[in-house]
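Encoded as structure tokens, the following chain is the form predicted on its own, with no partner shown.
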């Protein structure tokens, strides 16, 4: 309202020959960033971390910048915003959407200078986890590799958050839990076609997936061949497969408490749901909060929940920073990525968000940020006390580098530590989703409408 009054008053003064009122405006160049809600320390455009970046950028370059931080509800919403002409310099989509935007020409390669480890402020190149670096280097679509277009931000798996007092752990190891009558009206699925179609495929192919796993474990097939076949099966969109999956998903709807996106977190904490199919980061939030340790936000009936990943397959997901094809300021965009990849900011983000960063640290002991994340986050939260007789060795060297063997309370093998840093053995049977082509997308949307309107 004040804006319109000011404009009207200025016009009136000009018309009467009075001196015009000069309105101070922020004339700094804008870096327009799109991300998910509550996905940065502080949550949104008022995040202190964003303002700190603006100051850091000025210190490093001698130039001013203002971050215009936009929130997208989900990948599809972000995609539609871009298709409708909304301009962003930097976006943070998930793996399948990165591939979709890449094939449709909406992204540009990260500059080669971004990967120069000799540049002091290239925190991403110097500190990205070897596991993430290798995964991005190996995955591609139409010959275009993830590593060239995306810098990993957060990553994780999907699995079941469950109440071990009410749920048999063995039941969480199979996708058939969705049709298990013991959990009627006590289990949830995701309210989106991508994650729920993955569930249907996992149920449809479960026997074959377990057979493949056995072949791999008996050294009958290589890890590369095993994971390639998993990816083929779990991204199967043939019409006959979709029809079969549709019938499976229809069969589970009567057993569900419901399809959910965010509300499942509170329903699980409240005890309304005993098995919640969940992204690992939200799983950590649920397990943390349900314990009732937060004195400022106590829960009425504390619960001690676990996290499990089915034995046959599960989803490996990533969110990554991408520079758009029509970005106005590539330098500012890549510096924003690097600022968030500085290990002290990584810890701030993980503590606020609850998700797991793609950044691990460096092997250079002369680097001031050597092992910063491992010491200030992993050990701070998960290392066992000296007198803990349950302490168990947990190898996370695949993520942090050789020698990172953590001694942790035994229960963490099924709880937050496992959700944030699953074992390398578990990750062997986790695969990324790929984008639907146009024909498959049409069929999937029709299938989803039939399922959700039952």
Partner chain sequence: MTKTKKAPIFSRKLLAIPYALFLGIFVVMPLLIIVYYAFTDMDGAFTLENFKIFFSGSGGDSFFETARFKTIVQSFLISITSTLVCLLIAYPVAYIIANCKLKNKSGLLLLFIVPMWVNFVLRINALKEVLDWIGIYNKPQWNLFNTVLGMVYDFLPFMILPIYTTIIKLDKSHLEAALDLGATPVTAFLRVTLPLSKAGIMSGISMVFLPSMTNYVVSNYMTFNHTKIIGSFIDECFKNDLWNMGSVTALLLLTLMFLMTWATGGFNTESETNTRGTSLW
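Numbering follows the first chain given and starts at 1. Quick caveat: nothing in here was measured; it's all calculated off a predicted structure.
Not pictured, yet referred to below: the form predicted in complex with its partner chain.
Here is the short version: of 109, 173, 229, 272, the single residue with a heavy atom within 4.5 Å of its partner chain in the model of the complex is 272. Listed residues 183, 257, 205, 131 were compared with its partner chain in the model of the complex; 257 is the one with a heavy atom within 4.5 Å.
Only one listed stretch (290-298, 191-199, 343-351, 214-222) carries heavy atoms within 4.5 Å of its partner chain in the model of the complex, and that stretch is 191-199. Of the heavy atoms in residue 250, some are within 4.5 Å of its partner chain in the model of the complex. At the 4.5 Å threshold, heavy atoms of residue 79 reach its partner chain in the model of the complex. Residue contact with its partner chain in the model of the complex: residue 380 places no heavy atom within 4.5 Å of it. Interface residue remark: residue 267 is counted as part of the site for its partner chain in the model of the complex, having a heavy atom within 4.5 Å. Of all the residues from 82-104, those having a non-hydrogen atom no more than 4.5 Å from its partner chain in the model of the complex are 83, 84, 100.
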